[in-house]
Structure formats: structure tokens, C-alpha cells
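This document starts with one chain, in the form predicted alone, laid out as C-alpha cells.
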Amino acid sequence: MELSYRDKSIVVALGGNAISKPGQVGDVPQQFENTNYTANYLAGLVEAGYQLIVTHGNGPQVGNVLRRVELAARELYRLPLHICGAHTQGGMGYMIAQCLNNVLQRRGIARRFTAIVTSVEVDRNDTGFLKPTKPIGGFYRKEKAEELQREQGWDMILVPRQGYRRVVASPPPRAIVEIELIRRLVDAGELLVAAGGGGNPVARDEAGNWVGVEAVIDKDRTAALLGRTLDVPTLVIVTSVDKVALDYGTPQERLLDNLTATEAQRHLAAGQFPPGSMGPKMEAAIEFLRDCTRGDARVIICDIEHLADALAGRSGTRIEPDA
């Protein structure tokens, strides 16, 4: 019997600001405080009958883990990037699920979120591995950067007025390793936290085994892959702004209520959505709509405070397939 999914299933991709806010130290108590705040809005959707699959970013957290690895390098063995990602995905999944479950319990809702540490397959021959561009971790002086290049094989770039920084590949996600388990859980009506930080990047070796690779996968593109693979109708990308804007930050700024996938692609090509901010979110939206088989597919971009209103069409920016 073919699986069928609820029309009210949603993949929610949480931005880093939902857990670590700019200007904060970002320690564990602050992360729990921010996550509890976010959990109240997500629990409201569960109370309204939505089935959630929650993904999240982990950039600040991985940066902190890498810094700890660096500080402890003379005392302890180093951790590869894919293990750092797995550590943060597990820890953050535990935190997000716990906060959500506590809110649901306080509201008298007898449901539970479960976190799944998720691996995502990438192409080991992706050209991005030849010329990495994704910055991670902290900044180093020239002498230290040269030492890390020599001893660890890191790729480094010079960031003007800040120092040298490590860069890694950011290949597109190809497949979610645990997708059949996730599919069965979603079909059973379970609430999930999965594919945090874009998932742990793995690739096939010569023997066909999965092995971790030194890369970072964009979490919004993984969320789009997760949504379309599960045939979920709605992808929500939660960010720091209520609506997408054209000419952002200028006197000509225009907020957008609705876009088609073709319009989004045109604005992206025109440079309206920069690579470091709204660009990856628009790329994810276009990919989701292009490959989703459902006629009612939609992508919503909004902030956490307007989440319910955005789903009801009263706020946020909605991106839909071409007519």
C-alpha cells in the first residue's frame, strides 16, 4: 500500500537566529532560552493540527566546537568537521526536542518530538571540493593560518581587516541516508527534528561505503530536499525578517507578499538575493517547487513571530509554482 501524507505536514527550517541571537555570547543557557521562545510558536502549529518536521542551522555552534578543538589541540586529538557537525546536530536536536516537548506538555498536548541525527549524501567528485568557498570557524593570524595549512591541510582565505579563515566545500545535497525511516515516522504521524545543520555530509568511497567528508551542506537546501522527497506540501523557512524584499536596505526597498518560482529565479539572477543571506533560501525555494510533485506546493519565508499568520496568508512571503 502506497504511503499517504497529511495535507498539513510542514518542513520548518529554523535559521540560526532562532537559537543563537546576534550580540549574545551564545552559551547553553542562552540557547535554551532562545529555543524555548521559538518552541512556543512551533507548538502553536502542532496545537492547530500541523505535523512538523523541524530542521535547523548550526553555524555558530559548529564554530564554537571548532574553537574548542583548536584550543585543546595540544592536549587532545582533533575532531574532523563531520564529527563536529554530528556532535552539534545531536546536542541541538536534544535541546530543540526537549523544549518543544515541555511546551506541548504544558499545553496538555500528549505528543512528543524525536530528534534524529541525519546523514546527507553528497557527490565526492563535486567541483566544490577542488576550490572550497564556505567560511567556517574563527580567524587566524598569517603564521597560524600557514601552520594549519601545512599540518592539517586546511584551505584558508584572507578576509580583509579580520585575518585568515578556513574554507570548506558546500556541495548540494543528493540524498538523505535515513529517508526511509523518516518517511515511516512521518507517515505514522510522528513529530521530528531531523537533518540539523544540513545533515552530516557523507559520500561513497571506492567500496561503496559511506564516509564522512569535510564539507558543510546548506541547511535550507537540505530542508527543500527533505520536503520534496517526503512529498510534503509546505516548506517554511524561518529567518530574521518578516518578508522578502527587493532592493533590500535601500530607499527603494519593496516588500514582497507573493512570488512565482520563475519570478524568484529572475530576481535571484539579477542579484537581488545575495549569496550570504537570502540567496540560498531562494535557491532552496526554487528547488523545492521545481521538484515537488504536489499541485498545492508552496514555500513561505517569514520570521518566527509571524509564523502562524504567514501560514494563514496574512504575513510573510509566499512562493508558489508557476501557473
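In this text, residue numbers run from 1 along the sequence as written. The structure displayed is predicted, hence computed values, not measured ones.
The same protein also exists as the form predicted in complex with a further copy of the same chain; that form is not shown, yet it is the one meant from here on.
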Review point. Hey, in the predicted bound form, is Thr229 touching a further copy of the same chain, heavy atoms inside 4.5 Å?
Key: no
Point to revise | 4.5 Å heavy atom contact, Val202 and a further copy of the same chain in the predicted bound form | key: yes
Practice item. Please check if Thr250 has a heavy atom lying within 4.5 Å of any heavy atom of a further copy of the same chain in the predicted bound form. Key: no
Check your understanding: Heavy atom to heavy atom, is Val216 within 4.5 Å of a further copy of the same chain in the predicted bound form?
Key -> no
Revision key, fill the gap. Assert contact_stretch over 86-94, 157-165, 128-136, 230-238 against a further copy of the same chain in the predicted bound form, heavy atom within 4.5 Å, equals 86-94
**Study point:** a further copy of the same chain in the predicted bound form: contacted by all of Thr35, Leu256 and Glu263, heavy atom 4.5 Å
**Key:** no
Exercise for review: May I ask you to choose, among Arg174, Arg106, Arg150, Arg141, the residue with a heavy atom within 4.5 Å of a further copy of the same chain in the predicted bound form?
Suggested key: Arg106
Point to revise | Position in contact with a further copy of the same chain when the complex is considered in the predicted bound form, options Asp187, Glu178, Asp242, Glu121, heavy atoms within 4.5 Å | key: Glu178
**Study point:** Contact set, 98-131 vs a further copy of the same chain in the predicted bound form - heavy atom within 4.5 angstroms
**Key:** Gln98, Asn102, Gln105, Arg106, Thr114, Ala115, Ile116, Val117, Ser119
